[in-house]
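We begin with a single chain expressed as structure tokens, specifically the form predicted on its own.
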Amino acid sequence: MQIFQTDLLCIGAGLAGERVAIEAADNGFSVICLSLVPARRSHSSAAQGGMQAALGNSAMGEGDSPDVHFADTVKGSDWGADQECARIFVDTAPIAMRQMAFWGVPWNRVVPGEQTYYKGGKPFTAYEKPENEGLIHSRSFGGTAKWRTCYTSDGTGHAVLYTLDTRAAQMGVEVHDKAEAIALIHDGDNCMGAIVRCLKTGELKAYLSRATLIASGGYGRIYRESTNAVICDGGGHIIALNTGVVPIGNPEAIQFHPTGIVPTDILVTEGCRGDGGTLLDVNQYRFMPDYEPEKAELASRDVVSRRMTEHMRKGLGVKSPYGDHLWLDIRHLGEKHISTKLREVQEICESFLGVDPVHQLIPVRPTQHYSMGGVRTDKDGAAYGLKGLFSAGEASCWDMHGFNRLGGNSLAETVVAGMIVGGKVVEFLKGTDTTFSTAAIRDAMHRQEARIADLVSCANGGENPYTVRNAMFDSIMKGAGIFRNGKDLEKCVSELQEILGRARKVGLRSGGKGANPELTMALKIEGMVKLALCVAYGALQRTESRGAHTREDFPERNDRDWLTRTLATWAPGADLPTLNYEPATQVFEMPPGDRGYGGGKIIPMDAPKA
């Protein structure tokens, strides 16, 4: 058995993982980051639009502050957020953005004088102050009172990830790519690292660490139609769930982004609408102001996705061989703007659709995009259930997003939470010694070796893992999409329980243990179905509508009974998760109220029970 030992093991080398790694390395600790792909190919690099921080440098951001950002974030979460975490985030975000600039991120900057911007397809002029020349600029995003989304054209994730990866290399952080953590090493109380499979050779290795961080991104690939990269299949969540003691927070909170292109479901940034793009129906009529007169295309993502779906249900979608869609129109922004500030969008449209957005409409529809849920942590990023285990970024439920996150808040969270959680990891490492149990390490390794041997020999059956995955796709897409109801969710849960039984009987057609995608899928499929069940069962039990969780049979947001966070754990051998609940927030800096968009009724906290 090959063994690596380090102070901090980061499972994931995207923005959150590398930002935590940098903080630990800067304080003299050894760090290894594991990555399925080379670090600069992490899914963070696909993020386009920007990072929210209340800098107030632009004309349309004037008067912004962390307090305004806080209010937007809590409203965006539909009061499902942990308000203490939201406050920590908004206060730290301006510091993090300036730090990113210092490290080399080429933020778009304020150009003084009269500038032409677009809102709702129409131009207007704003005067940028001479004294703000060269300061970090911002663009408009959905659900915000001010322009505060810092950006580098539409390649923000790419720019920040390359900067952080360079910084990590300077700090001596090791990145072991083509490596997948398939189990945590723990004794039920303490986490001691992970069992890791080399994706090139198939060799299993033990990585021992005093602190372990899960920063593996989201689990969007339990859905067929997703903007997520294929590596975002919940690997980090699965190994946490499989401990039996670490909960997944709010698994039912799944965000659909309004503008995935058809048919590939690749994302085109919210920056298109923030910069003045509009949504059109089959008649090329701009419909969003009819539903949301004030916010229109820049209501929060959950609201815009619902309104688009409602409009297509009325028969006003564009028919295509791939299902109904709507149009995104950015033609009026002009070639110069599109080829500079939206150049990735232009490249995506030309390469994957054969469409030139300077002159043509972009076919779009709501597509699964983000997991608000994740490994439940406290405000320090420490996971519930196991000492020495932390989580950050989309992999975590920290929980500043509640039941809907605002665009730009997640990308900012990676570096803001990375800074904060990294600091807490450093405190943990300075104050804690770890005793490694040779029995726990040996048992964890033997269990994974036995799993692989059973899959290769088809000891438990010969189910095809890809067939099982397709069955999971069919079930969750129908039952736990943008709109949900009890009947469909009950059917979905029942189907997924049957699919879980099949997932436990998969075997390989191929025999290789090395670079074998079939083995990779076979090792993960049971965990993916478990995550799908956490989503569907959590959604079935939550009899209200809040943010991205919309129950057609329970349309009210019920603050009286459901101002809570779901905690899903999985007992060994169980067919369903165990669901517990905790208060959504311990601190009400901002009492529950109306979001100001999206409509819907609210059952207040003090309403009498029926």
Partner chain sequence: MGRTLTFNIFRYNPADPASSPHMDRFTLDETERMTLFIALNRIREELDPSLMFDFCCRAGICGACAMVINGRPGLACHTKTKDLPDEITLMPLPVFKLVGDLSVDTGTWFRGMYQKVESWVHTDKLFDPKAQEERMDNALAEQIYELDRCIECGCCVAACGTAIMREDFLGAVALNRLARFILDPRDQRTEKEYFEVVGTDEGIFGCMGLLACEDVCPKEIPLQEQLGKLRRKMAFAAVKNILPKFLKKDF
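Positions refer to the first chain, counted from 1. Take the two forms, superpose them, and find the largest set of C-alpha atoms that agree within 1.5 Å; that set is the rigid core. Small disclaimer: the values here were computed from a predicted structure and weren't measured.
Separately, the form predicted in complex with its partner chain exists; it is not shown, and the next lines address it.
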Next item on the list: Find out whether any non-hydrogen atom of Pro517 is located within 4.5 angstroms of its partner chain in the predicted bound form, and reply yes or no.
Entry: yes
Notebook entry, point to check: Does at least one non-hydrogen atom of Thr278 fall within 4.5 angstroms of its partner chain in the predicted bound form?
Noted result: no
Checklist line | its partner chain contact in the predicted bound form: Tyr466, any heavy atom under 4.5 Å | finding: yes
Next item on the list: Using a 4.5 Å heavy atom cut-off, state whether Gly244 contacts its partner chain in the predicted bound form.
Entry: no
Next item on the list: Tell me the stretch among 69-77, 436-444, 282-290, 148-156 that has any heavy atom within 4.5 angstroms of its partner chain in the predicted bound form.
Entry: 148-156
Next item on the list: Run the contact test on Gln170, Asn228 and Ser351 with a 4.5 Å heavy atom cut-off to its partner chain in the predicted bound form and return yes or no.
Entry: yes
Next item on the list: Work out which of Leu523, Leu135, Val456, Leu333 lies within 4.5 Å of its partner chain in the predicted bound form, going by heavy atoms.
Entry: Leu135
Check: Quick one: of Gln497, Thr264, Thr432, Thr340, which gets a non-hydrogen atom within 4.5 angstroms of its partner chain in the predicted bound form?
Finding: Thr264
Margin query: Heavy atom within 4.5 Å of its partner chain in the predicted bound form: which residues of 366-382 meet that condition, in order?
Written below: none
Notebook entry, point to check: When you overlay the rigid core, is the Cα of Glu344 off by 2 Å or more between the shown form and the other one?
Noted result: yes
Note to self: So, superposing on the core, is the move of Val262 at the CA at least 2 angstroms between the shown form and the other one?
What the structure shows: yes
Notebook entry, point to check: Knowing the Cα distance between Val529 and Gly323 changes 3 Å or more in the predicted bound form, does it shrink or grow relative to here?
Noted result: closer
